[in-house]
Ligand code: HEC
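In structure tokens, the next block holds one chain alone, the form predicted alone.
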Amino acid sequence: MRKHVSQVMELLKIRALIKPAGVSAGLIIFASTALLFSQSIRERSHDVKNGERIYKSGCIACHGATGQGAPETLTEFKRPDTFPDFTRCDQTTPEPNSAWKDVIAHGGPARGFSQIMPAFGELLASDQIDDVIAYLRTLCRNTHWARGELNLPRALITEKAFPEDEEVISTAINTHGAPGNTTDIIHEQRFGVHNQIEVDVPIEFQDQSNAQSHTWYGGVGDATLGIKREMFSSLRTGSILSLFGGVIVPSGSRSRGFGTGTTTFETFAAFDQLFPTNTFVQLQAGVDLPRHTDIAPQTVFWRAALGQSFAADHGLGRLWSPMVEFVADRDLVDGAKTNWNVVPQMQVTISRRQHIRANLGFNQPFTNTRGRQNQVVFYLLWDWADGKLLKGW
């Protein structure tokens, strides 16, 4: 009981422990959040009735009156496993309008899908395609699902708010000082309307040479098990907010520097904002609370990512997303300093379906630099809900 009271008292010290740099960051994040909520994504008013007329005159033969697909006995093709059911909210809402528009305008092969989907770009004007998409959106009756437009490009460190189905392999390599690298194997899987489970297993390799020997050691670090829940999302304002709770288990060797040696409870909030110009901001703030504070301190952290997405072919082609992150953490002990890092980076989609993405950046400490490593950081991301790893190229 005394230990729990002590932890609560330590948390109450956060405000006092965070010096002007941390306070300034908090004020900036607060002001930014207030500003971001005031934004609104304004789109052309789509004519759903016109979209329905176009759908029933040209699309119904294959996709059926309800959007679930016409009876296979009435079609002249074998239905591929990627054939859409527009009433399935779990299938349709994660997809942004741009993905659908690309397939309608340029045909299925444009996104690595079957050639049975023809191109309608020469038959329908851009506004007419938008009307069809607006009608297709009405076939998902559950309006509580977050839309795919809010699934912003994943930053290297800052966690996004959108619940996702992804496999990520992320590697950080030291560029000076003691050689070493860490590769995180991350599994994210959505369940229900708002929830996501996350498993993160780090694999570490370090050169722990000394005057007597030159030796590399490798092993598993402390793994994370957690649940993220989307609390709020709005396509109209471009905003999404999620909360995360998880446990970092002491699976790594503390003697080799691969783990803390104690179970740690982690919680954070993630807020993302998309602007009409495809500029986006992602904010994350949380705490790590180890069970045994005598061997690992409690820590507060906050992160922000600012990015801009550019897409070829009038917004329908390959997506390039330059970003910069500002990352900070501080131990909740007297006299601790706030560590700040800046992380410039570039994410790009590398498959036609855009379900395989890569990101490359550089993690540079700019306060308390002694003993903290510069790192090249990169990841390969597979959005497995959009198709198999070797499909869609």
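It should be emphasised that the depicted structure is a prediction, and the values quoted were computed from it without experimental measurement. Counting begins at 1, following the sequence as shown.
If you look for the form predicted together with the named molecule, you will not find it shown, but the lines that follow are about it.
Contact between Gly58 and the named molecule in the predicted complex is found at the 4.5 Å heavy atom cutoff. Although the partner is absent here, Glu95 sits close enough that one of its heavy atoms falls within 4.5 Å of the named molecule in the predicted complex.
Not displayed here, the named molecule is approached by Phe120 to within 4.5 Å at the level of heavy atoms in the predicted complex. Taking non-hydrogen atoms only, Pro80 approaches the named molecule to within 4.5 angstroms in the predicted complex. For the marked spot (Val103, Ser114 and Leu124), a heavy atom within 4.5 Å of the named molecule in the predicted complex is present in each of the three residues. Contact with the named molecule in the predicted complex, judged by any heavy atom within 4.5 Å, is made by just one of His63, Arg357, Arg352, His46: His63. Scanning Ala305, Val132, Leu156, Ala161 against the named molecule in the predicted complex with a 4.5 Å heavy atom cut-off leaves one residue, Val132. Residues with any non-hydrogen atom within 4.5 angstroms of the named molecule in the predicted complex fall in just one of 216-224, 260-268, 106-114, 198-206: 106-114.
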